[in-house]
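Quick setup: one chain, the form predicted alone, written in structure tokens, and binding and motion questions come after.
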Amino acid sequence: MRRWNGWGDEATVVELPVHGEAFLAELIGPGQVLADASLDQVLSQVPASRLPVHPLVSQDAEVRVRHARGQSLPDWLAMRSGEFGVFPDGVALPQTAAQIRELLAWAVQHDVILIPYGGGTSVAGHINPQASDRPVLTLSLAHMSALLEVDDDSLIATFGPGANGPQVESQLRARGYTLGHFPQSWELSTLGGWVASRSSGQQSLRYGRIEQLFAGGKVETFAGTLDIPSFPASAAGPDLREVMMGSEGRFGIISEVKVRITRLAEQENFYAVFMPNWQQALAAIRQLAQARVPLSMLRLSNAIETRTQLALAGHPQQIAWLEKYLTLRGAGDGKCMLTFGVTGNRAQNAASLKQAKRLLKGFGGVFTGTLLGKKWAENRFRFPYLRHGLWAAGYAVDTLETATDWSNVDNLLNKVEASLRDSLAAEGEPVHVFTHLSHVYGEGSSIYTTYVFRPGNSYEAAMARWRRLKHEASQTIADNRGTISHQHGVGRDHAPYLAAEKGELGMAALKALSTHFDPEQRLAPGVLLGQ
């Protein structure tokens, strides 16, 4: 069963290794454990619903609790403390586009705010109800998860928007296909949510980001149904797919998604390579991207993340032997782990691997085969569960991400890390910060930074610390040629920094689109546009 106050399935537990806890205690001090609230305590706070009765709407208290928060750190603190703030007045679970349209009309009739809800994995405040004089209805698309049609000639599949990652892949693989979209939230996040927030999967080098995969579909708006046909390419004016991608529920509710699919690959392997230092690693990964070596994924951890991964990996004796071997081969202190994948038929993969090896060895790369690559593949969706293990040991963890051109990657990465590392200096609190590049392009790269800090002696202290950390890093990104989000969307948390990227005229255009599709601003108010 899914956790009500954290990530994923209750049966999955990822504990912090004993030596991992000692590693963090040495860096930032012993953990500070805060007491967790119980579900019964939270249920006792849920007020009576302000909504009239509707057959598609549940007013059950626990259902409302389970749809009140996403997965950002503020959401985590709210769930763990039991101080949720505002609950939706009800949760609707439509099964058809016609029922979505019925709920839109009902919302107008009864002056209701609507929050579209996919998998509830937002880390930017997309789905949190806000205090309002009007009742709030969360509209979950979980019951619209079926594969509706496959065009085998065009390789276009049509899905309901509520299909999560496993549902998408299992239905396609039964027919010999894959979408190939694997964000870290894949276990829970949904196809409609990927489109609405412009998601990027871990193997986007082969399959593309969601903007390459999204072919068309339907969106239910207060102005009517927007039908976006699929074309291989079109010069017929601005692309309406692009208008809806990244709209984050402000323009309408996605009711059908057409995606470009791929036949299952014959073979897939992942490899780990250790580069002697960051500068050589950065040059190597840039050359791999710009040479268009046909890899399916490419991820580079900086030296601090590499050290942290090895410390938290468990099996200290094996790690010690690995460290000794790498040092002998020239990858000692300052080494950076690079992981890459090759996916395709055997001939393609052999050629890709040969190209990658030749280039990386030219930069001093030390290959360790597929063992660590297999471990990465096996555990790649388990990292969100580590938040539970860290919390139990008295540590809070959060992430933020951006993207920028290659000429600015090193500069922006260093400034973001420094802003986080120094944010709590006034309290004498160190912060453990590390980064990887996980999505690379000919032009530049994403930058994905993780930071671990002690929550303090209260939930209020933890929230105050997060606010300082988040603001300092976000402002640094906005001031230094980075996008405020490469893959997590804007939501409410990033909305204050969006204007720096879009400009006054761009923001006015987005607001005009929102008004066109939703004149009374009932859909996800405050999300994306900040109002």
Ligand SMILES: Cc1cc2nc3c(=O)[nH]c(=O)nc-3n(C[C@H](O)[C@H](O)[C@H](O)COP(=O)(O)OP(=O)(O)OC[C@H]3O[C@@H](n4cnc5c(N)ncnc54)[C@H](O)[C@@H]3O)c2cc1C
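In this text the structure is predicted, and so the values were computed from the model without any measurement. Residue numbers here begin at 1 and follow the sequence given.
Another form, the form predicted together with the ligand, is not on view; read the next lines as being about it.
Student: Name the residue from 446, 423, 301, 71 that puts a heavy atom within 4.5 Å of the ligand in the predicted complex.
Tutor: Partner contact (heavy atom, 4.5 Å) among the options: 71.
Student: Pick from 200, 404, 419, 343: which residue has any heavy atom within 4.5 angstroms of the ligand in the predicted complex?
Tutor: Flagged contact: 200.
Student: Tell me which stretch of 252-260, 346-354, 424-432, 361-369 has a heavy atom within 4.5 angstroms of the ligand in the predicted complex.
Tutor: Of the stretches listed, the one contacting the partner is 252-260.
Student: For the three residues 117, 196 and 488, verify that every one has a non-hydrogen atom within 4.5 Å of the ligand in the predicted complex; reply yes or no.
Tutor: Yes: 117, 196 and 488 each sit within 4.5 Å of the ligand in the predicted complex.
Student: Should residue 184 be classed as touching the ligand in the predicted complex when contacts are defined as heavy atoms within 4.5 Å?
Tutor: Close contact exists here: in the predicted complex, residue 184 approaches the ligand to within 4.5 Å, heavy atoms only.
Student: May I ask you to check whether residue 248 falls inside a 4.5 Å heavy atom distance of the ligand in the predicted complex?
Tutor: Because a heavy atom of residue 248 falls inside 4.5 Å of the ligand in the predicted complex, the answer is yes.
Student: I'd like to know whether residue 295 contacts the ligand in the predicted complex, with contact meaning heavy atoms within 4.5 angstroms.
Tutor: Flag for residue 295 set to no.
Student: With the cut-off set at 4.5 Å between non-hydrogen atoms, does residue 189 touch the ligand in the predicted complex?
Tutor: Residue 189: contacts the ligand in the predicted complex.
Student: Can you name the residues of 281-300 that have a heavy atom within 4.5 Å of the ligand in the predicted complex?
Tutor: None of them.
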